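Shown next as structure tokens: one chain only, the form predicted on its own.
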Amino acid sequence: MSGFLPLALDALNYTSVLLLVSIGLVIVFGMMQVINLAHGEFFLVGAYAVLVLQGLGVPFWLTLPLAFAAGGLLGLVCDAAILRFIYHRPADTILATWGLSLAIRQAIVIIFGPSSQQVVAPLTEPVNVFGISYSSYRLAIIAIAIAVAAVVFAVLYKTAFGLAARAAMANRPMAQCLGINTRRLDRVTFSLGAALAGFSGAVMAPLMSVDPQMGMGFVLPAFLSILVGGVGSPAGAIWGSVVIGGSTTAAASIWTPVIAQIIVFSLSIAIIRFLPAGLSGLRRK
């Protein structure tokens, strides 16, 4: 038990982070069919927002909603300036978001420099969990991820906006015929996805070196999570994050990180091969 519990907590922690990152991706792709290659850079913006705000003396817990707002505002600007003109051309959105990712990353390098910086963690004392010492902030991340996921799913499944969004996910032309303003939904959805990415970066900033490349390490696992879980289902982000987060942590504890990545990629390919709709497709069957 003493060896299994830390591994289980680490897996739960990594799964929680992947869920925070991937839930924004799955909403944007599921509703808009946009593969947002700039998602990692919105993550980056959230982390740097915390860095700047802490430098101004703002308490860490207050920086989290401000980082959420910063990511959402940047997403709104990108939507208004670029993406709204090419939503009907999926291949062009890939190129546009890739260009956005390069532009945002280089802007960060110009403003803050290429070197890594540190954010002060709000919780530093370990806590006792069933007889083992574990990071209190990592436990806080798990609680934050569960709370954020609960709020997002409540919005999607308990509100009129969520009903309209799910209708657009299921059948966009029919939703338009029913009078749903899909253009406004696109704007809000992309902004929400960017805001969730910024929030994720803010939450992870105390555990990582804040540098212009930090977002890249989460984008690929997040994409794998939504492919494994199912791109058309918001709930698929949960199942995909559990599979990718759990298998990555377990494999890395036994083998080297490189071998762990090979195992996770092989597992993902197998799931996608035999379950094209992802794990959420099992429920629909």
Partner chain sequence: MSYRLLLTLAIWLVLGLMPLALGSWELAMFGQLLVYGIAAASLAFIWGEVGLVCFGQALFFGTGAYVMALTSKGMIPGIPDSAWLGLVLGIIGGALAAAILGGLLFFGVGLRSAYFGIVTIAAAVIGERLATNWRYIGGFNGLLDVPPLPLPGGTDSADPLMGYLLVLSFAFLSWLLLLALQRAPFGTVLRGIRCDERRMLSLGFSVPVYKLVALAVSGGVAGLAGALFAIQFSFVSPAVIGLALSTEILIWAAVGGKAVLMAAFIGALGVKWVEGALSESIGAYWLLVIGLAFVAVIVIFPHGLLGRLLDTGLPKRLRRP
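Numbering follows the first chain given and starts at 1. Quick caveat, the model's predicted, so the values are computed rather than measured.
What comes next is about the form predicted together with the partner chain, which does not appear here.
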Based on heavy atom distances of at most 4.5 Å to the partner chain in the predicted bound form, which listed stretch, 63-71, 49-57, 236-244, 252-260, is the contact stretch? 252-260
Check all three, D92, G99 and L227, heavy atom within 4.5 Å of the partner chain in the predicted bound form: yes
Quick one: from A121, I82, V151, V129, grab the residue that has a heavy atom within 4.5 Å of the partner chain in the predicted bound form. I82
Tell me, which of V77, I146, L207, I110 has a heavy atom within 4.5 angstroms of the partner chain in the predicted bound form? I110
Does the partner chain get within 4.5 angstroms of any non-hydrogen atom of L139 in the predicted bound form? no
Would Q106 show up as a contact with the partner chain in the predicted bound form if we use heavy atoms at 4.5 Å? yes
Is I86 one of the residues lying within 4.5 Å of the partner chain in the predicted bound form, judged by heavy atom distances? yes
Does the partner chain come within 4.5 Å of any heavy atom of F29 in the predicted bound form? yes
Given a 4.5 Å distance limit between heavy atoms, list every residue of 31-60 close to the partner chain in the predicted bound form, or none if there are none. Q33, I35, L37
